[in-house]
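The chain below stands alone and is given as structure tokens, in the form predicted on its own.
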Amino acid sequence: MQPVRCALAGHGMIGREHARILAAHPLADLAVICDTDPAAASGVPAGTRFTVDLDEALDTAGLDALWVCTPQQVHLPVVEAGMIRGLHVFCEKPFASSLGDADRMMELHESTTGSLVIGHTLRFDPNYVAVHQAVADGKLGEVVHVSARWNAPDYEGRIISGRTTVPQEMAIHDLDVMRWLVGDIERVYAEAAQQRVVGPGPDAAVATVRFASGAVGALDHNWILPFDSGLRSDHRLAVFGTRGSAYVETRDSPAVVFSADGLEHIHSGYYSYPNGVPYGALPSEDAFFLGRVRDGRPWPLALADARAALVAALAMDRSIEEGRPVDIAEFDG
């Protein structure tokens, strides 16, 4: 299979990981990286050109695909620039920061020769996929209750607090997973902590969820997990049905290092590079997209699913702001 010639926009926290994965993958030819900050040129993989000019990057000869890893507030113009050039576009979650931007991106998917997918990485995590398969196979019976948490280290919070929200950045992972497992969400009710531990905040959010099926869910999320404590992440999913239950738990790692520097839990399932080879859910997602460019394989979630997860996250934000339960129908009528 001929390598996919790639461009990447946004060489920040997640963009650097995608760049590292693509630079190491035999099916990818990472030709150019673009970021508006010249300092982002630091750490660009060897042999990859860097520019601060998006048009210059996307006019690179022979491009097949574009990875959009910018803040969600500027997803639309970057996606649009790639779509009108007929590129295959991978856009990091969340879909956008507004429904207007998300809807415009969906229109571009229909009206241009380009194609668009949204990256929700848990759809490629084998643990979450296994739970989904158990639900789909009826092993748990009818789902009655689901709960999830996604707590991130404080260095992430310092980077993104004030630029986005806990629901849009963190909870959206699990909102998508919950819809994948249980179906449409009807209502959310959220509360937030405002201590400003890592930035303008809020620092943490909890929520209850009502599904159209009658099931209920609970969410808890933050980006204040002290990195120096040695705990690098805290993700959990629990699903309870009429015939059984299923769990994903990543807080306790099978690899733990005890040293003079303290305790460190090694989490390799999301992304890691043993012997220089990308491993984990994020590399699997990128590899799947490279294959999609060449053979047209279907993406695991439709744009409508990514949009629905965004709506649920925006409903959480509105619930926090207004102090009341928010019906999803308020957004789409």
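Heads up: residue numbers just count along the shown sequence, starting at 1. What you see is a predicted model; the values in this text were computed from it and never measured.
One more form of this protein, predicted in complex with a small molecule, exists but is not displayed; see below.
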property: Region of this chain that lies against the small molecule in the predicted complex, out of 225 to 233, 203 to 211, 87 to 95, 133 to 141 [heavy atom, 4.5 Å]; result: 87 to 95
property: Single option in P71, G199, G183, G244 placed near the small molecule in the predicted complex, where near means a heavy atom within 4.5 Å; result: P71
property: Heavy atom within 4.5 Å of the small molecule in the predicted complex - the one residue of H109, R251, R158, R163 that qualifies; result: R163
property: Close approach of I320 to the small molecule in the predicted complex, 4.5 Å, heavy atom; result: no
property: D59 within 4.5 Å of the small molecule in the predicted complex, heavy atoms; result: no
property: Any non-hydrogen atom of T48 within 4.5 angstroms of the small molecule in the predicted complex; result: no
property: E169 within 4.5 Å of the small molecule in the predicted complex, heavy atoms; result: yes
